[in-house]
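Here's a solo chain for you in structure tokens, the form predicted alone.
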């Protein structure tokens, strides 16, 4: 049976619960769902993320909101004589991997009969939510910082979403949206577990593209951790179904200028540090107070992984280097590639490494 459950107190909720956290203790919600993988059916379906239909928690096919997204290429890139497989998730309809989560979340919104939603974002999640809202014919308002990339704001507006610009930090934006959630459904890519049951398809696709195997190491950017958490859920689904034999090692990349979870990890702390952060070109991971920080640390630690932080000059260098190789990415994605470079440079064993380009360069053309 599919249901929502509070990760803190264990209280259960039906899937049509419209709150964004536990109404008893304020804890974060998780989704309990048994993913199934009928291999013969999967092989015959179109190469989209919805080929894993029985592993995605949407009850009726008629509620699926999709652009036939997914199954992005997994391309080899040679870094310091080491071949790394890089998933091209910047090729999604809205230009970022966030389409994975938005497709499932808006399908859930449609299934519940919700007619109006709100979301806060640094840009990419807002664009993805706005795009799928347009397809689902759901009213949508996106809260963004007044410092958000103009290209991303223009994209959100083009989909017909209402934009609310908030002065200040990404945390100010997150705080500003909360009063609106009393009347409107909060389609949050951070709080809502349905989003992670979209981003988990990243793991399914990698496994299938590798012949239903698990890579040794997965290197991902972490701000709110929506891709890392989703990928962990996905590989865990595959492990439970006995399709793969292990969970990969997760390596999380943060910008040195804004690396609260890395500090939490290396200091063996249960709480986010109360430290100042400075501006970074990698705005997609510039999150000073991620709500699922402890969950992210637990995943990385449990998998035997680690955190890598990258300086601004390393991000900009990676942006330049990979553009010259034909990969046009936004700075947040370049931060990931800079992290991959640092990991490979120190690698002592032969590993099958998978990473990803999370967002297209056109998202942030003024800084590329």
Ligand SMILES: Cc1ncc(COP(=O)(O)O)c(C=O)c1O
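All values reported here derive from a predicted model rather than from experimental measurement. Positions refer to the first chain, counted from 1.
One more form of this protein, predicted in complex with the named molecule, exists but is not displayed; see below.
Checklist entry - the named molecule isn't shown here, but in the model of the complex which of 259, 107, 122, 192 has a heavy atom within 4.5 Å of it? => result Contact check passes for 122.
Item to check | Residue among 248, 234, 101, 225 with a heavy atom within 4.5 Å of the named molecule in the model of the complex | outcome: The residue in contact is 225.
Checklist entry - Are 97, 285 and 358 jointly within 4.5 Å of the named molecule in the model of the complex, each by at least one heavy atom? => result Judged in the model of the complex, 97, 285 and 358 all sit within 4.5 Å of the named molecule.
Item to check | Residue stretch of 25 to 33, 304 to 312, 327 to 335, 47 to 55 approaching the named molecule in the model of the complex, non-hydrogen atom distance within 4.5 Å | outcome: Of the stretches listed, the one contacting the partner is 327 to 335.
Checklist entry - Counting only heavy atoms, which residues in 194 to 221 are within 4.5 Å of the named molecule in the model of the complex? => result Only 221 sits within 4.5 Å of the partner.
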